[in-house]
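The data below hold one chain only, encoded as structure tokens and taken in the form predicted on its own.
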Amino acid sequence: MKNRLTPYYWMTLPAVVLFFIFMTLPALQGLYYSFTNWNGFGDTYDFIGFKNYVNLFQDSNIGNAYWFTIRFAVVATIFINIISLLIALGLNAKIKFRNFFRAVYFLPNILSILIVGYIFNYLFSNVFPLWGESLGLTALTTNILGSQDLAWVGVVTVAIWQGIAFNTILYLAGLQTIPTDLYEASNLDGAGKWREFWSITFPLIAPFFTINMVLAMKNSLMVFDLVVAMTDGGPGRATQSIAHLIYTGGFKGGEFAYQSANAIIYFILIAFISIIQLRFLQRREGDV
């Protein structure tokens, strides 16, 4: 038996080694440096214990980044899942050019986030204001990315547009696992579409709903590329996410150790939210 498993161990070993070198080891180094005052490029540093962690909870910039990121993640997760589920229901129906529409809705997922961000940055800055002036729509005449109050709306709108594509595919996969016999039986019983959805469709795609909710929340909490491309954290720090703050402060601002501590807290937050989501939603799967 051991001889039969040996080839599988050897096939797994390179992936484990690469994962340790490029993922686990840097994470452990970050944890180590989080207890120091290293600036990221000097030769010397001192151990300062938990001082970085204490300062995190007194830093207004840190609080602002966490507030933006959590607000962004909650809004994006909710709208991505609602819209993608509605689109999946439509694409799962017997409509003309169904495969064509499926390809069109999946297109945003294959585009680079940076490219999408730069394109929409140009649209918000140049195209939409011109349209607003031509159509007499005052709401479009100003670039919302330049507003401290509205810039986050522009960023989250683009994130929702791109995030819908992947979730739609997952919901479509879930819908296609539902036997058509159940819908035929519900039609014979005279059940309406609304009743059919809550009694048949949603309970049977509940595992896919759980996956989509967790992935959408995780991806939204880790937002970085889109912020860099659209606002670079501005105006001011209105759209600065946690990942963006860690990058700019750690690699550009001489706060490597301080932002390493921030990254540890960031990791714990994402893991905690993901675990809570999984436990709650999996429990709901059993209830429905």
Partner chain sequence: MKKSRNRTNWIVMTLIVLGTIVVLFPLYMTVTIALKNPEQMRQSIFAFPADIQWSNFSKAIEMTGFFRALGNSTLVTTATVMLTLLTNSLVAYAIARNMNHKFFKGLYFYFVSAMFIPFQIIMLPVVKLTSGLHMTNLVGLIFLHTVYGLAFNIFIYVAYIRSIPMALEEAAKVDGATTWGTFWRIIFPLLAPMSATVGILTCLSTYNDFLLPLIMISDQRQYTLPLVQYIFQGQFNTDFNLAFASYLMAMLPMIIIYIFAQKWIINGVTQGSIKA
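Positions refer to the first chain, counted from 1. Between two forms, the rigid core is defined as the largest C-alpha subset superposing within 1.5 Å. Just so we're clear, the structure is a prediction, and the values are computed from it rather than from any experiment.
Keep in mind that the form predicted together with the partner chain is missing from the display, and what follows is about it.
Not displayed here, the partner chain is kept clear of Phe209 by more than 4.5 Å at the level of heavy atoms in the predicted complex. Mapping the unseen interface onto this chain, Ile95 counts among the residues with a heavy atom inside 4.5 Å of the partner chain in the predicted complex. Although the partner is absent here, Gln29 lies within 4.5 Å of the partner chain in the predicted complex, judged by heavy atoms. A residue is said to contact a partner when one of its heavy atoms sits within 4.5 Å of a partner heavy atom; Ile70 fails this definition for the partner chain in the predicted complex, lying far away. Looking at the partner chain in the predicted complex, residues Asn52, Leu56 and Phe202 place no heavy atom within 4.5 Å of it.
Contact with the partner chain in the predicted complex, judged by any heavy atom within 4.5 Å, is made by just one of Ile178, Ile144, Ile169, Val74: Ile169. Looking at 221-245, the residues that come within 4.5 Å of the partner chain in the predicted complex, counting any heavy atom, are Met222, Phe224, Asp225, Val228, Ala243. After superposing the rigid core, the C-alpha of Phe272 moves by less than 2 Å between the shown form and the other one.
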